[in-house]
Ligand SMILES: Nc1ncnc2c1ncn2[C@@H]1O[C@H](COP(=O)(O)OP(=O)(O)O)[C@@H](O)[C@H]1O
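A single chain comes next, written as structure tokens; it is the form predicted alone.
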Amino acid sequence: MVKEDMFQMERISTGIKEFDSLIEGGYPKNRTILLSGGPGVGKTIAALQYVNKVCESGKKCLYLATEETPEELRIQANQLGIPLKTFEDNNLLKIEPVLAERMEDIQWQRGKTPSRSILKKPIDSISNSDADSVVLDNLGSYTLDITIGTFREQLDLIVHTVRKKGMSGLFVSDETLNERYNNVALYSVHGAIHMFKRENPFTGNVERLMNVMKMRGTKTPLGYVKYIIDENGINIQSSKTSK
């Protein structure tokens, strides 16, 4: 009989079957993953596919929406065949419309020095939740006009809060976040994936690619992972391409 490795890391599905197989079964459980990229690469779609898998397994998920209303998310998910409303009705999913609160903060803080506790609201939401997973979409919305030191402190705190609660976290962000703070976020999170578009030099076609920048305790692809977005969401086209 094979003895089970007591130190083997548990996994939670990304919601993208082919991608799971490339990272040893999925995201490390009870850790935080940063998913970054420019517009149109499918970051929110990837987040919704993750939510779908979490809720399908009977686990609870908290979705902190800073850029879209709950109704907009439901419409987008419905187009992918993901029944967010059903999950909500069954108390498996809670979507917090942080967008409206963020707009109030912007109005109140206009002309003032940004607060050092800029991530207080999402941290409070996570602290008061009984969810198994949390999605924060978009982390970059909270980080405008704060210093790199404050950003690192706040990100460390929210990552610590997720870990302390025994939750799994998926933080979505625009790619300018890493540019603005010199990739400091990569040191706070357990894993980081960058999604981007580029023109294929041989075909002239624009293609979408993922780069698993880090994933502690996980064997990851050394090259870029090509994918497409269709009516079913994100689908992996090949295991890797050369850099």
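From a predicted model like this one, the values you see are computed outputs, not experimental measurements. Start at 1 with the first residue shown and count on from there.
There is another form of the same protein, the form predicted together with the ligand; it is not shown, and what comes next is about it.
In terms of contact with the ligand in the predicted complex, the residue from Thr32, Thr66, Asn52, Thr44 that brings a heavy atom within 4.5 Å is Thr44. Heavy atoms of Met9 never reach within 4.5 Å of the ligand in the predicted complex, leaving it off the interface.
Though the partner is left out of this view, Pro39 does reach within 4.5 Å of the ligand in the predicted complex, counting heavy atoms only.
Contact check for Ser129: every heavy atom lies farther than 4.5 Å from the ligand in the predicted complex.
Mapping the unseen interface onto this chain, Ser125 falls outside it, with no heavy atom inside 4.5 Å of the ligand in the predicted complex.
In short, of 22-30, 214-222, 44-52, 176-184 it is 44-52 that has heavy atoms within 4.5 Å of the ligand in the predicted complex.
Contacts with the ligand in the predicted complex, taken as any heavy atom within 4.5 Å, map within 173-211 to Arg208 alone.
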